[in-house]
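Just the one chain here, the form predicted alone, laid out as structure tokens.
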Amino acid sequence: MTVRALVVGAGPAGLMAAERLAQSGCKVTIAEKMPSPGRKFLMAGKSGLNLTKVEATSLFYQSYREAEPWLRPMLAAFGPDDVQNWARNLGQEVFTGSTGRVFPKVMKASPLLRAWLTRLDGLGVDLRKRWQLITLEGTTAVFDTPDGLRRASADVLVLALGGASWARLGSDGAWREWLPGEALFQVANAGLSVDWSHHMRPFFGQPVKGVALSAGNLTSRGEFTVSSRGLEGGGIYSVSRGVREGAPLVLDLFPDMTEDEIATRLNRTRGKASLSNHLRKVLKLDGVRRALVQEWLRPMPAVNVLAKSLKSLNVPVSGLRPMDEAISTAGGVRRDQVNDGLMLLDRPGVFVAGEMLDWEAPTGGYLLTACFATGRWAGDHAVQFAARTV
């Protein structure tokens, strides 16, 4: 007897679950509420699709913090090396950057997604678009479709409905209305709001490089961008959790220099040069970083205090950007709501994967890797469940 499998959500986790189910001989249908699959995946690839991260295994696991014990077996089964081999098998060569981040050589998501969908089609996977899940009745899903309400029954069902960020791309968290009890969503990997003076307007859109950021016990050497709304970019996203949890954001403008080295340079003869020009000459401080110093150190401290301030510049953040602008969200289906195979304890035959789950990871390849890994895990365990029950 052929097992009928229904996957709801055509993002990375859902597509990976569908692939594993189909490879195991199941008859698979994917239901996606958007007009096309993988919309958030494609958006992530606009600035270069960061698939995973190459680093020591222990460091990779630690990036998932309190979710590490839960995710570790899934990441061990499908980790950074497996992600790279999977991409290569789809005809997409990858390369590893200087920071260990792994990208497709074409630096885009669309060729990889097209190849993946072609392979799924070859496996007989049926993709239904504009099918929005309204509720569940056991392993029967009720959808709002272009043809009205439809019910789809299956032997096993995998939900990969995403978190609650980027609603226009499909992740709106609406499933919380009929799947209660999950941990509340919180903003993750988000930009920070800053109330700028008008003096900063000429610098909107400019990148800030060569600095270090910290918030609580989180640190980053990534760059970020000054925007009209505040601060955005990978360096900020990496420490935004610390800010969310109440820690101040601190900027080290010279992470490769000591405070004494900075003070020595500042004490060089200044002559008639303005302090701004002095900073530019003796510290090679570019325009946007000088602007940040003048924005956040008013009035400008004495030279003997300035060196310390340049190493620990407190950023007056007014809050995190809204959830719908965040890269991802924390919260979702809790660990105590599922078994080791990611099946909901109160809904036998229904599995969950991806950003629906209550785990949080920084950007830099960790997010996508865990989405792939949990989707694969849910698909494999759905197959095992079906083998026992169908």
Ligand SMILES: Cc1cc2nc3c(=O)[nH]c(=O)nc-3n(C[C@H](O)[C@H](O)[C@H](O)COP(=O)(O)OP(=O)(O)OC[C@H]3O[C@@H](n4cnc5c(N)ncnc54)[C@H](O)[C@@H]3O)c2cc1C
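Residue numbers run from 1 along the displayed sequence. What you see is a predicted model; the values in this text were computed from it and never measured.
Only in words, not in the display: the form predicted in complex with this ligand, which the text now covers.
Visitor: Under a 4.5 angstroms heavy atom criterion, identify the one residue in Gln206, Gln294, Ser193, Gln132 near this ligand in the predicted complex.
Guide: If I apply the 4.5 Å criterion carefully, the residue I get is Gln132.
Visitor: Tell me the stretch among 297 to 305, 253 to 261, 159 to 167, 310 to 318 that has any heavy atom within 4.5 angstroms of this ligand in the predicted complex.
Guide: Going by heavy atoms within 4.5 Å, the stretch is 159 to 167.
Visitor: I'd like to know if Tyr366 sits close to this ligand in the predicted complex, meaning any non-hydrogen atom pair within 4.5 angstroms.
Guide: Although this ligand is absent here, Tyr366 would touch it in the predicted complex, with heavy atoms inside 4.5 Å.
Visitor: In the predicted complex, does Glu32 have a heavy atom within 4.5 Å of this ligand?
Guide: Residue-level check for Glu32: yes, a contact with this ligand.
Visitor: If we define contact as a non-hydrogen atom of the residue within 4.5 angstroms of the partner, is Ser171 a contact of this ligand in the predicted complex?
Guide: The answer is yes: Ser171 has a heavy atom within 4.5 Å of this ligand.
Visitor: Although this ligand is absent from this view, report whether Leu49 comes within 4.5 Å of it in the predicted complex, heavy atoms only.
Guide: Heavy-atom contact with this ligand at 4.5 Å: present for Leu49.
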